[in-house]
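The chain below stands alone and is given in structure tokens; this is the form predicted on its own.
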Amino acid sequence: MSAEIICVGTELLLGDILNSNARYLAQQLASLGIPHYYQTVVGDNPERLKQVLKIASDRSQILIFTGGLGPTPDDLTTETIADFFGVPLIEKAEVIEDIAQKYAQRGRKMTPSNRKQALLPKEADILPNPTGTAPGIIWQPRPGLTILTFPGVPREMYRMWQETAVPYLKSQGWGQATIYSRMLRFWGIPESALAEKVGSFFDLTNPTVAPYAGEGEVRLRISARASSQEEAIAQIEPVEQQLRQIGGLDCYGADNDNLSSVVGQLLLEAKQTLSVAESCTGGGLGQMVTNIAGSSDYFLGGVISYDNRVKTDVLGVNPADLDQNGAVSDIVAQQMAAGVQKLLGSSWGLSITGIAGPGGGTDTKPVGLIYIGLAHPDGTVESFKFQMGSSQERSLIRHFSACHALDRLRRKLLIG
């Protein structure tokens, strides 16, 4: 038994509207333990919609449609589905009454075009729409196949799903299980290197383990199918512990964690504070830190030292070191970190200086070269060098730089 999501609308194909309905339905199906292997987006074209129907009805047992239920000529979902199965449309008086009542409540009269929304396949049940004028259907056009349709408006679809579709699916014996996932997050290790370490886990069937990568981070999703969320979590836990042990310090958190939230929690636990000094990131590091609610409990502030005069006059960087080594150097990164730590009186000082590009690079200091400085509470100051490659976009270099800085601090907070 598997479900398939079919989203109808040319505006989705053109990218004019973000397809949030597919994501919502996928999450909902997972919570009900209903497998779903395919999603399709098709434009407002009856022939192409029939092609999609033919393929989907042969491979899936539950077809969930969103979009194309409105009163305009390009809203063709209901009539196309009925035509595909050779079933006539009939006007449902209760739908007409519901639409007219909703218009009256708004001080308006129902338009003739709205009568189209009351034309439903003869044997289909109405899937009520409590807020909008477009009802959906629950229909079994043949044994072993169920069709549910929803309007494309997300808030209407969400309520219809929760109030009618979920109880219906459960009454049919579906949704008696759940699929629960835990996402482990890693920083500082390439996807290929992590895959080599944990490759044997990819052969598991329940729970399953799958790798994902994006914007410098690697993730491992552990998913289990069980009769309850508690049982799924119990299945996931031993696998999670093994993966965390293999990942070591590279595994920084799970699910909704990010580097900023993890660092913030570690600072709170240590009763320590942080200040930052930034050059090429232009405040991006401070923004990441303060994106976390409650960061005022451990973050004191920062200095954006874009110009070298700010480095020398505000942060106390030695002008001779600047002249000799340049702003993008380990010695300057260290002095920036120590300078902001002293200036703001924080436990830790964290700095970034580098070349974000696209210009400004040289043979010895190419675009993507970054130095991170870290001043410890005990007075120790160190620096870290990263080369992110000159082909990276400026925004990504800046993002990666801030993430690497937070990760260096995270590791020091964990191991001392």
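Fair warning: this is a prediction, and the values are worked out from it, not measured in the lab. In this text, residue numbers run from 1 along the sequence as written.
Unshown form predicted in complex with another copy of the chain; subsequent notes refer to it.
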Interface residue in the predicted complex among G86, P112, G173, P143, criterion: non-hydrogen atom within 4.5 angstroms of another copy of the chain
P112
Another copy of the chain isn't shown here, but in the predicted complex which of P121, G253, G247, P71 has a heavy atom within 4.5 Å of it?
P71
Does the trio Q27, G284 and F299 actually contact another copy of the chain in the predicted complex, every residue with a heavy atom within 4.5 Å?
yes
Look at the stretches 319-327, 264-272, 291-299, 228-236 and give the one with heavy atoms within 4.5 Å of another copy of the chain in the predicted complex.
291-299
Taking 4.5 angstroms as the cut-off for heavy atoms, does T131 touch another copy of the chain in the predicted complex?
yes
Touches another copy of the chain in the predicted complex: A82 (any heavy atom, 4.5 Å)
no
4.5 Å heavy atom contact, D257 to another copy of the chain in the predicted complex:
no
How about D307: is it within 4.5 Å of another copy of the chain in the predicted complex, going by heavy atoms?
yes
Quick one: name the residues from 12-41 with any non-hydrogen atom within 4.5 angstroms of another copy of the chain in the predicted complex.
L12, L13, L14, G15, D16, I17, L18, N19, S20, R23, A26, Q27, A30, H36, Y37, Y38, Q39, T40, V41
